[in-house]
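What follows is a single chain, given as structure tokens, in the form predicted on its own.
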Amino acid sequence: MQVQGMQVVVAGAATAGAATALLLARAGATVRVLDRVPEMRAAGAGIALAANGQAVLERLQLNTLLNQATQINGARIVDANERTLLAPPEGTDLRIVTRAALQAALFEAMRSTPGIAITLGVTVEAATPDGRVIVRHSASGQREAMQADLVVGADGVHSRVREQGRFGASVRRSGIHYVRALSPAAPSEALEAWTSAGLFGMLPLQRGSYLYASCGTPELERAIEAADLDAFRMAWQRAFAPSATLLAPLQRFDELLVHEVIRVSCRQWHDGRLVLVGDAAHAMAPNLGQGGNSALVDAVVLMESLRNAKDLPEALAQYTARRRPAVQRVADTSARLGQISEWTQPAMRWLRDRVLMPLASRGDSSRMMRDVLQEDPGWLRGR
């Protein structure tokens, strides 16, 4: 079908929405990007870009961002004593950037791309399958109606677009919280430790490090509820001594970003002229680091489906058929990894570390990596 000349509304200006807007605008669509924030500001901690996410950013011509990223070689999953439980397949390409740097690069690319108009400080109040969108401007309180050929819901876990359509959505709260932070201290190497307190990860950046940790034990839950940074530090220092180096420089509890793991799955990703991308369609546990990468892949597959189908219904059906099962596999695997990484009882940890993980390390790593990446990176680059 003809993408050139399409009128597109994208709800959400973060990773999924920005990538989708850029690809559609560069193919000739007129795109209006909406977001509820009054201004785009640096937010978030870090993001691990796997080969699939890197390929999409190359396609978007964001090579400067990739060149500034920290390349990770040999990141390992270890136990509390840093004994290797699982190592990535040889040749695994992983780069780490801050989410602020990623969002800034995407936002600047949108601002400089003809055909994209960005409207901030608006809330989507209605989005109907016939392409009608009603928004409310936060500053003035005024409502504005618009009509689009395609409405892209890229508005995250609590998507308003998803609420408006018939997507068969399931939103499940896990009760498990993760903490993310940027630390000025650098780790000795890239590790993810599975310990008596849960999971603690550390990845180097150009300056400092990105750390993430689960908060599933009663002690850590109390520290989070009380916003007690010292108690949080002490609990992790007892469970995994190397955590102290990264947590010590933090001065305030609000330097920790606390997020509950929420699983979103949908029976279908489109309804009429509405379509979902990113967390709006498939929020998942973070244990494979594929949330943001999968959102970038969504944008490319949606673009190619629109380009290759005869009409919009066929394009959106192809998009859903290609993306939904691939993402479901990754989300299921992430959830399983998340569950076993939270085993804190000594007997369960012994079974995991001495039996299950050695078995997993003997599996077909190349096939697993193909499933995780979901699409061939060469195809994602457009080559």
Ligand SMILES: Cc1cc2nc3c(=O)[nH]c(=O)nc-3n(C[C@H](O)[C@H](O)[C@H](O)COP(=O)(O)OP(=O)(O)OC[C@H]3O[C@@H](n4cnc5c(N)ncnc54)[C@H](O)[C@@H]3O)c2cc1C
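The structure displayed is predicted, hence computed values, not measured ones. So that there is no doubt, residue numbering starts at 1 and follows the sequence shown.
The next section is about a form of this same protein that is not shown, the form predicted together with this ligand.
If contact means any heavy atom within 4.5 Å, which of 355-363, 6-14, 371-379, 21-29 contacts this ligand in the predicted bound form?
It is the stretch 6-14.
Using the partner position in the predicted bound form, report whether H259 sits within 4.5 Å of this ligand, counting heavy atoms only.
H259: yes, in contact with this ligand in the predicted bound form.
Could you confirm whether W236 comes within 4.5 Å of this ligand in the predicted bound form, counting heavy atoms only?
W236: no contact with this ligand in the predicted bound form.
Can you tell me whether V37 touches this ligand? I mean in the predicted bound form, with a 4.5 angstroms heavy atom cut-off.
So V37 counts as contacting this ligand.
Can you tell me if W269 lies within 4.5 angstroms of this ligand in the predicted bound form, counting non-hydrogen atoms only?
Because no heavy atom of W269 falls inside 4.5 Å of this ligand in the predicted bound form, the answer is no.
State the residue from G216, P286, G208, G115 whose non-hydrogen atoms include one within 4.5 Å of this ligand in the predicted bound form.
Partner contact (heavy atom, 4.5 Å) among the options: P286.
All three of R132, L274 and P313 touching this ligand in the predicted bound form at 4.5 Å, heavy atom to heavy atom?
Checking in the predicted bound form: none of R132, L274 and P313 is within 4.5 Å of this ligand.
Could you list which residues of 44-64 come within 4.5 Å of this ligand in the predicted bound form, counting heavy atoms only?
Residues within 4.5 Å: I47, A48.
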